[in-house]
Ligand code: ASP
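In the form predicted alone, a lone chain appears below as C-alpha cells.
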C-alpha cells in the first residue's frame, strides 16, 4: 500500500486542542504510513502575532544589538502553555530551544542568514511537540532534525528553492524508518550547511518535496478551509467548492492570490504526477479539492477567479528604444537588481506595463529606469485572474469577461494572457475589485 504526506498548517496546530485533533487525523491514516509535515504553531486568539512574525521581529532586534528578551519570553510562554496543556515536559523541545538561544548570540553574519536560522525555529519547535504527542498516544514517532532533512537549497535566503536534481536527496537516510516521521516544514540548508527558509507558506513546498522524494500516492495539505473555492469566500459567501482542478489551473490561482496553497508546492508534485488534496483539519469528514496532473474540464468554461489587491502598476515608455535590441532585458535587469518580482506584463514596441507587489525598492527602480524611459507608478490596484481549462480554444471568452465588466461599470486598465491559454489577467482599481469579482462570478460561474 502506498504512503501519503500529511501537512498541517499553523492554524491546525495553534493550540493544544488543535494538536490533539490533528493527532487523531494522523492516527486514522495509520495504515498509509503517513509522513507528517508541520508549520509553526499558528494564531489562536484575535490580535495575536504569528510565531514567524514574532521570530522576525526578534531577529531584527537581536541583529541590531537591541533588547529582544520580551519577544523571546512571549514565544516561550506560547509554547509552554501548549506543552503544559498536552501534559508534556519542556524537555521535549529544550534541545531546539537551546539552539535558538545560541543562534541569537551568533550575530556576526549577514542579516539574511541570521534571520533564516531564527525563522526556522517555529517549525523546529512545533515538530518536536507533534512527535511527542504521537508517542504519548501510542504511535512510535520521530522528529526529523534539520541536519537530517536533506533539503538542499540555493542561497536565496527567505525564499530558497531546491533544484529539481536534488529533490531525491530529501530524507535520504530515513527511507526505511518504521516510526512516523514528523518533519519541520519551511526549512532547508545550503550545500555548505547554512540554514535557509522556503518562503512564507513554504511548509507546503516541504510537503511536496517529501512526497516527490518518497513517491507517495497523495500529498494532503490540511488547512482551515475545505478545499479551494471558485472565488474568494470572503467576497462570495456561496462560492462553490472545486472538486477537482488541474495542476496548471492551481498554479495560476496560487500565483494570483488563492491563499490555500503555496505556489511552489505544485512543481515537485507535478513532476512526479502526485495528486495534491486540500482538506480541512477542523472538519476532516468534509471533502476537499484534488489537484491532478490532467486537464479537467468543468461544466462551465471559466472555473475560478483569483485576485491580488494592493498591487502597484508601473508604466514604462521610451520612443528612444524603438527597434532597439535588448530593451526588455535592460528593463528587467533593473527589477532583478533590486530583488523585486514582476507578476504581470503587457508590452508594445515602445511601452511596457507591469505589476509589482511591494514598494520596498520602488523609488530606486523608478529612478534607474528614468535614465532611459518615462516612468509612472500607480498604487492601489488589483490584479484579477480568470482561470479555466475550458478556455482553451473556446471563442468569445474574452468578450464575455470584458462585456460583463463594462456592464458593471468597471474600468479595465491592463490586460495580459499567458501562453497556457487557460487564464486572462487584468487590472482594476482596488475600489472596483469587489464589484468586478462579483459581476464575473455571477455572470460566468454560478
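Numbering follows the first chain given and starts at 1. Just so it is clear, the structure is predicted and the values come from calculations on it, not from any experiment.
There is also a form predicted together with the ligand; it is not shown, and the following applies to it.
Of the candidates 184, 202, 211, 188, 202 is the one whose heavy atoms come within 4.5 Å of the ligand in the model of the complex; the others do not. Here is the short version: of 386, 35, 383, 40, the single residue with a heavy atom within 4.5 Å of the ligand in the model of the complex is 40.
The stretch from 406 to 414, 50 to 58, 63 to 71, 390 to 398 that comes within 4.5 Å of the ligand in the model of the complex, counting heavy atoms only, is 50 to 58. For residue 252, no non-hydrogen atom is located within 4.5 Å of the ligand in the model of the complex, even though that partner is not displayed.
Contact between residue 116 and the ligand in the model of the complex is not found at the 4.5 Å heavy atom cutoff.
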